[in-house]
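Read the single chain below, which is given as structure tokens and is the form predicted alone.
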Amino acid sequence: MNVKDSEIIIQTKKLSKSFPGVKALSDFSFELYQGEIHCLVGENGAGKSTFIKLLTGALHPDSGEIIFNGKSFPALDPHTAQALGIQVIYQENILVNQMSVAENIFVGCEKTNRFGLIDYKAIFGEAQKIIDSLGIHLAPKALVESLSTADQQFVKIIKALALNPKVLIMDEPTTMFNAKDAEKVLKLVRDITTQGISVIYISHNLKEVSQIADRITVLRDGQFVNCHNNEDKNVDLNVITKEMVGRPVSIFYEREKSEIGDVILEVENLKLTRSSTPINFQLRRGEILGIAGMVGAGRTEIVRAIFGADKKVGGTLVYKGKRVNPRNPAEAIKLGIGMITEDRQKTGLVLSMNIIENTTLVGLNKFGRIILKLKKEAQAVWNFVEKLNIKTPSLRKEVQFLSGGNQQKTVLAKWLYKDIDVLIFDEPTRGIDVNSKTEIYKLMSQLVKNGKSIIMISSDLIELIAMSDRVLVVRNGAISSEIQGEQITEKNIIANAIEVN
């Protein structure tokens, strides 16, 4: 679309917001046209989330103004933002799994009959109307827990659309999807804008951004860098990445291979259910073993069983030559196995605790069981902060205030502090920017060079190809193939991950 032919619906002028020790947004000016898809890109900590919270009223700016349909506001509150028609869809799950699609769509704004009771017929009917208008296949009476990840994202979008928004803000809407499901979401976003709804779209997937954006605004260190017109969908991604990080950055990381040693971990006849196919594989010292497969194929379930987080019905582990059977994560950690989960905010970190407390969480006995030697503890943590380049004004900073990339590095610091030998990474770079990705890749490469071993689950095929020494492809809860060397290609991974009838 030619955005200049449309009216400006949101304009901000010199918005600024600071937190103690951090200038989150500085004199940021922005325009959003009616029916436009305007993408925001930038590293973690660039100011994107702060800007969105200012638009939705979750935060108030220190200075500047927000202009909505020509009316100026020094600040918005959540009620006013919603009344104006601003809706946001966050990447976190906000759905109730045990409720139906229609009930989730209208929760909090239920339709009632003349007796004040919920009118389920009206709810299901209205939900069906919205679903039909979008041309998607979704049953209003289906329970959310029975839906695929992509369909659950559709429910979140429909939930926002049911409130008749003028502006829809989408924060990493495809971050947990395979390519096929991600394209379904992108098509839905395009269809939404034909109804005159404007979309602010945040994503670290620059290829996706280049496909969908009408314009792309780049933020760096809380400041506006550039706005690119992308009507012809031919924006130069190398220019975008350079603007994001302030220097040229390769979009793809080339890993220097390390020397691979003896087997450190062997999985023998692991069974997740009584009817599942036995799983067998080996992990060697100095190796990055990639695990590929479609979302829902069973990749995470396999590593959670190894880590003792999920029960298994059969099989054993041979770790450093000894048969072991960790029944919970504490036993796995004691053996020397650690896991960085895909949802670092829920299971990898305690958000209300600071960097020191999170880093030493699994190794509190290192400096005394009863009385902690706090000075030595802080110095040890600071060494990891410097080594991993964790950007923070203080070790006492609560991790909830760190960017996604720095949160991920704090989780890694925790396991390095514990001196773990086998690390399981589940989606190690999901939701973090291109520069932080490169830093994580370098750290992983250094770990295996130092004799550590890594199991890495990833939905990013480029990441798997660049980082893995071998790739196990999982399909329907079983290993369908093992790919090595030059055979690790997108074509081979996809062919083995998809079931062909």
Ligand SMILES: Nc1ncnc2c1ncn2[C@@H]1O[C@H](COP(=O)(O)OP(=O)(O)OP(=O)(O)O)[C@@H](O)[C@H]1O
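The shown structure was predicted, so the numbers you read here are calculated from the model rather than taken from an experiment. A residue's number is simply how far along the shown sequence it sits, counting from 1. Think of the rigid core as the biggest set of C-alphas that the two forms share within 1.5 Å after superposition.
FYI, the form predicted together with this ligand isn't displayed, but the following is about it.
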Which one of these stretches, 399 to 407, 118 to 126, 80 to 88, 298 to 306, sits within 4.5 Å of this ligand in the model of the complex when only heavy atoms are counted?
-> 399 to 407
Would you check whether this ligand, in the model of the complex, lies within 4.5 angstroms of a non-hydrogen atom from each of Val22, Glu43 and Glu172?
-> yes
So in the model of the complex, does any heavy atom of Pro61 sit within 4.5 Å of this ligand?
-> no
Mark Ser453 yes when one of its heavy atoms lies within 4.5 Å of a heavy atom of this ligand in the model of the complex, and no otherwise.
-> no
Is the gap between Thr438 and this ligand in the model of the complex 4.5 Å or less for some heavy atom pair?
-> no
With the cut-off set at 4.5 Å between non-hydrogen atoms, does Thr50 touch this ligand in the model of the complex?
-> yes
Please check if Asn406 moves between this form and the one not shown, taking a CA shift of 2 Å or more relative to the superposed core as movement.
-> yes
